[in-house]
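What follows is a single chain, given as structure tokens, in the form predicted alone.
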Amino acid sequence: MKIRVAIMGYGNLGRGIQCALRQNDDMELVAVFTRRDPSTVKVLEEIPVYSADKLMEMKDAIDVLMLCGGSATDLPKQTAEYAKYFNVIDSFDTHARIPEHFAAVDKAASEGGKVAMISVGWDPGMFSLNRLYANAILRDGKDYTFWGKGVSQGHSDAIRRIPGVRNAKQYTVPVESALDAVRRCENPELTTREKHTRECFVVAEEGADKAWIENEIKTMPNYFADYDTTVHFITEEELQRDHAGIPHGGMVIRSGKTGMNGENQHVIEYSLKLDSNPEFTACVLTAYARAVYRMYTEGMKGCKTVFDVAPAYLSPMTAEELRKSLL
């Protein structure tokens, strides 16, 4: 019997999950739920689309509910609310608020006897796992995480909110000299500015003060003020031609020493180069949705993270197949 999956929210991530489920024969998408008018939601393949307020009526037809809302306002409310009634999974990515999010979701899922998985994706998610593995193996060492080159959707949105800006894309770019120093095991102490730069491509409204817009971007606190930022003004046609995608990626690196006197140096590096950030995130979520279902059928309950999942739970292969083909 296939694992029955439903999606709550149908944006870039929801569409990515629909694509990912087509590559997993042991899973099926049974419904999409939306807070919009369902008649206005165009899905990639024929699948029932329901209003979000119809969700509870289908409680017995869903094995795992995949939550595709945003981390700022949607997931802090939705995940704990739905974890009382469904096995759920989300991609909550506000690192500083993960402990409080976990506590709220754990309480709800434990009371409801369900399994909830939070903060699944590539960071947090795959990068988190690789930080853990590297820390456990190289105890005398130092961690570094670099993001990019890739589109930051939140930073792009912040630029678009500036008066006079019609459209914009912002890329986070690792500083190559900092990367090289880490890979040489120099263990540098790096400031925010020394690790990444920000590159902005902006379409200004006709007659807008470009110098003022550039200054507003470069001095924006919490987004650009702490970085070396470059602003390019381009046309809408150039933006659509050259910057239509949502690529991303990055690296988790740990350099460490072994030996009686630390005479030998080692580097562990995990890297991602992604054409589509949301589609890759959707693939990670889909694998962990399988784990959620398996953990639930084994009698587990409460909130979990990627740290709590045995790798075999992610794969559709049997234990025998895994040992034969991947071990």
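Residue numbers run from 1 along the displayed sequence. What you are looking at is a predicted structure, and each value in this text was computed from that prediction instead of being measured.
Separately, the form predicted in complex with a further copy of the same chain exists; it is not shown, and the next lines address it.
Of the heavy atoms in residue 166, none are within 4.5 Å of a further copy of the same chain in the predicted complex. Residue contact check for residue 62: none of its heavy atoms lie within 4.5 Å of a further copy of the same chain in the predicted complex. Looking at residue 119, you'd find a heavy atom of it within 4.5 angstroms of a further copy of the same chain in the predicted complex. Contact check for residue 33: every heavy atom lies farther than 4.5 Å from a further copy of the same chain in the predicted complex. With the partner omitted here, the stretch from 167-175, 212-220, 198-206, 138-146 that lies within 4.5 Å of a further copy of the same chain by heavy atoms in the predicted complex is 138-146. Using a 4.5 Å cut-off on any heavy atom, the residues of 308-326 that reach a further copy of the same chain in the predicted complex are, in sequence order, 308, 309, 310, 311, 312, 314, 315, 316, 322, 323, 324, 326.
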